[in-house]
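Presented as structure tokens, the chain that follows is alone, the form predicted on its own.
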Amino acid sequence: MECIITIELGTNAVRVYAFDLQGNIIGSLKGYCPTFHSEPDYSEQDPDQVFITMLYVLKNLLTEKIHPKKYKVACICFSSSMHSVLAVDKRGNPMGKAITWADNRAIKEATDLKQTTLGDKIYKATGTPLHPMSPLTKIAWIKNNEKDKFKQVSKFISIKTYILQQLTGEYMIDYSIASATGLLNIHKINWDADALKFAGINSSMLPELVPVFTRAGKLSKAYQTSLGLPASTKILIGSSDGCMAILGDGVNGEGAATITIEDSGAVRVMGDKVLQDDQHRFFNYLLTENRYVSGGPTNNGGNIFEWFTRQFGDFKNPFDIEHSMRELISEASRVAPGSNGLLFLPYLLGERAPIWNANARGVYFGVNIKHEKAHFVRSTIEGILYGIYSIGKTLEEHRKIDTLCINGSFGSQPFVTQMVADIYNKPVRLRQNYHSVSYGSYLLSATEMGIFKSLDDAAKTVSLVDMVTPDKQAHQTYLKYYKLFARLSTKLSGEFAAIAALQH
């Protein structure tokens, strides 16, 4: 019997799934990875810690579920979060920690570039909004602020490239992750000359560009031995978590969008054309040639509710975060929509779409003497989802959306899913005990193996059987509060800048 293993290098966790060739889950495990915030705008991860966590989780799954049942691993397919940057020296050693998507240190580089005609040209060529999230601006920040380090850098790579290089010795980056760097011309599928010049690098300082179906080298002998895998095991480079998620939900073409709320969040559509937006509010990332995943990301998803839980949850033991989150959600369910006039702007990590303001900050607005803890819990969830809704509204200026799919460990909780349906006033489809990113990786692998003729055929097999319908009365309440949420998000931009300046 053969199986497919998928590895997702997420921001807070490494998730490893095993599928049989029909797409049934054999088993799954995950391991957590911390993010370090040494400064208010810094978000970093230790690449070796991510690698060791990945090895530990993969080995345990192989030992517990795969080897005892005599499965042969036909393929291991990778996905990862986007926008990470790791500088390595000539020997491939990390020169510090990896900078993640949530890092805002390059706000000056992004703001200055956005105000130029060059910035407009780069956005149209790369499809990546000009924001501190992008490797383009992060590399420029290193060039401007860590000049000695910059001179010694051999390559700038993503966390996924680093993990694969450790396993196989090859430096590769797939089209999907590359298209989120701000350095790839998504129309010509090569490194963009203007973006390279702005970053101060040349193409030799970046990994080799390859399609998502590419075999990323051969597993080294040491890992063949330690993992109990043969040299013939196929290592597939795979894609980004966002592209895998929309593929795993089977969303393509007009009428449907997918919402992911994991640590961060996003609303995405997929089609054969780039979404042209004069205000630079959307990303356009490649899955494969002429297949674009478009939409907007938020910095502030389930990670914000986890932050709230760690500060204000009741813990029976210090590691029981998931139980504490469920308890808080139960409290929130006893409060009516609108949280009795309490609004939350969830911008604890700045914000990307649709306001693209790295200076944005979190705000509780409308607090009065009658508000209790449960109101704060519910308003926190509502604020996260208002942010998600604002992305969907801007997407609907370009694409018709009749139904939504939802995925992510936070987004697929029943209470949250119902709130999404109510806020959007649209039906939401999902499947319980289902992980869209990993299933998308299975579909990609199965297509590469010839089980499906194409990704289109693979996506058509997806069946999301559960449907959540909206409560129209709740929608009317949410709509009134959302309008105030949207006004506050823009009206406070000056105050956001002022408070950010005080921290430097």
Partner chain sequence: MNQFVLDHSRSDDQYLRLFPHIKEIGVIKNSSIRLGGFPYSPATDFEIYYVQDGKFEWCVDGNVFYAYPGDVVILLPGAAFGNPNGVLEIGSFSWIKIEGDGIQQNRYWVPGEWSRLNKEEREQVGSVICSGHPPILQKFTDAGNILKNIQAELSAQSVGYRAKVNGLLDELLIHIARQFTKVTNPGRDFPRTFMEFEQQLRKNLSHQWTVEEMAALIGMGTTLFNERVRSYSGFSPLSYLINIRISQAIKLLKDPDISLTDIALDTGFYSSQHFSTTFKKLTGYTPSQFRKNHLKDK
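Take the two forms, superpose them, and find the largest set of C-alpha atoms that agree within 1.5 Å; that set is the rigid core. Numbering follows the first chain given and starts at 1. These numbers come from a predicted model, not from an experiment.
Form predicted in complex with its partner chain: not shown, discussed below.
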Quiz item: Is Tyr42 close to its partner chain in the model of the complex, meaning a heavy atom pair under 4.5 Å apart or at it?
Solution: no
Quiz item: Is Tyr223 one of the residues lying within 4.5 Å of its partner chain in the model of the complex, judged by heavy atom distances?
Solution: yes
Exercise. Classify Lys30 as contacting or not contacting its partner chain in the model of the complex by the rule of any non-hydrogen atom within 4.5 angstroms, answering yes or no.
Key: yes
Exercise. Look up in the model of the complex whether Phe78 has a non-hydrogen atom within 4.5 angstroms of its partner chain, and give yes or no.
Key: no
Quiz item: 438-446, 472-480, 56-64, 456-464: which one contacts its partner chain in the model of the complex at 4.5 Å, heavy atom to heavy atom?
Solution: 56-64
Exercise. Would you mind picking the one in Lys370, Lys151, Lys188, Arg91 that has a heavy atom within 4.5 Å of its partner chain in the model of the complex?
Key: Arg91
Self-check item: Residue (of Ala193, Leu118, Val210, Ile321) lying close to its partner chain in the model of the complex, criterion heavy atoms within 4.5 Å
Solution: Ile321
Exercise. Scan 296-315 and write down, in order along the chain, each residue with a heavy atom lying within 4.5 Å of its partner chain in the model of the complex.
Key: Thr309, Arg310, Gln311, Phe312, Gly313, Asp314, Phe315
Exercise. Determine, after fitting the two forms on their core, whether Asn303 shows a C-alpha shift of 2 Å or more between this form and the one not shown.
Key: yes
Quiz item: Taking the rigid core as reference, does the Cα of Lys124 move 2 Å or more between this form and the one not shown?
Solution: no
Quiz item: Taking the rigid core as the reference frame, is the Cα of Lys218 displaced by 2 Å or more between this form and the one not shown?
Solution: no
